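We begin with a single chain expressed as structure tokens, specifically the form predicted on its own.
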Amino acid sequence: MNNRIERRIVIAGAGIAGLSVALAFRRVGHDVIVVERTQSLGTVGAGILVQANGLVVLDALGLGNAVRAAGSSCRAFNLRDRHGHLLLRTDFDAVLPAQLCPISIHRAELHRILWDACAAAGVSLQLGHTVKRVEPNESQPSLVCETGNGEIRISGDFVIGADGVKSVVRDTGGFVSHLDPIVEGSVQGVAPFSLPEHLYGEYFGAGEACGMLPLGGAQTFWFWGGSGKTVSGIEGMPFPEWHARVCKSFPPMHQVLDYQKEWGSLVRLIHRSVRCASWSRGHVILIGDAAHAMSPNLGQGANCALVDALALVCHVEALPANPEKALKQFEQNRRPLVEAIQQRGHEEGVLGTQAWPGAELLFKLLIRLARFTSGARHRAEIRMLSGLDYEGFDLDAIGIEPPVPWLTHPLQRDYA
């Protein structure tokens, strides 16, 4: 740490990716500024599944136990048909340590935990700053932001685009990117009560899917999804009509939708994947959805963003005098696993939104056949779904080679 170079880090976006990378850079003493277009950090989103790779990062940041306490541990996950009959049960705790079984948590609660830690660490948050463009000067890149007092320029040693799938940093920074055709979309919400355990899981039928998962605080996260065309088709549809449509196809959804009387605060999303030729240009870097937005099918979008954040800081700190090499190694180490997860999620999105006659029967058959896979293949599947590349549960397993600068012992020791 004696050869550490103190830098100014400017981050676009105060979401999960932005706050986690801000906290990590602040932990090693850098000056960190986060700009956010909204005027306040209020309640946003619905539920989110923090997988093993995300939990390893949160443990490294010292926030893992806070997230576990605020959410609900998912030791197993059930796939069901449209009426709720069990098709396949995946027991995470047969492969993962209890501390790394997925945690279902309200996105706003995870966001709050991250922000509280950032505030305590001295991260500077600039609200009401709408990013207009990035100016990728080689030594001092800048964000140009529109504020209530006019346009301002914020320069730093690094500018990080953590501003999501519609990233202004990516689109104005000269990055070569490709947005995949829209395959799927979803509606998500949170019901303020828990449900009997036998109702939790994901339900499939006729090119659509829905599901219910427990959240911390006696809440239930629920979702419904289908093809992009199907989800676009409900635009302007009265809520009672959509409610009747979904509950006719998936009767168990009455449990959460009967409580909801209008669209209100429900989250409606169209999902698309982003692929970039490079994640950095000079000292401008993309992380999370800005670099590699992906299908929600594997629940890995936010988790990959968390790993990006820690990996970036570890690489920069491992090569403080050669940031260009650090950024190159960061991408080389992260890209293979991210792209494998991204491709798998896309393939499952395409398969799950097929609505031709017989598709539902074929899907059920494939799920039932999955019961007969070998133990080794089953374990490998759970590790892949959990964002783990190698055996073990350390930084190498989530694709981070350099050590975490502030940790004094390997994380894997905590999961024994």
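One rule holds for the numbers: they count along the sequence shown, beginning at 1. In this text the structure is predicted, and so the values were computed from the model without any measurement.
The form predicted in complex with a small molecule exists for this protein as well; it is not shown, and the discussion that follows is about that form.
Heavy atoms within 4.5 Å of the small molecule in the predicted complex belong, among the stretches 25 to 33, 347 to 355, 44 to 52, 62 to 70, to residues of 44 to 52.
Interface membership of G156, defined by any non-hydrogen atom within 4.5 Å of the small molecule in the predicted complex, is ruled out. The closest heavy atom approach of S273 to the small molecule in the predicted complex falls outside 4.5 Å. Within 4.5 Å of some heavy atom of the small molecule in the predicted complex lies at least one heavy atom of R107. Within this chain, I103 is remote from the site of the small molecule in the predicted complex, having no heavy atom within 4.5 Å. Within 4.5 Å of the small molecule in the predicted complex, a heavy atom is found for none of R89, I341 and L385. This chain is drawn without the small molecule; in the predicted complex, the residue among E208, E184, E317, D289 with a heavy atom within 4.5 Å of it is D289.
Site annotation in the predicted complex: the residue of S278, T130, Q332, N322 reaching within 4.5 Å of the small molecule with a heavy atom is T130.
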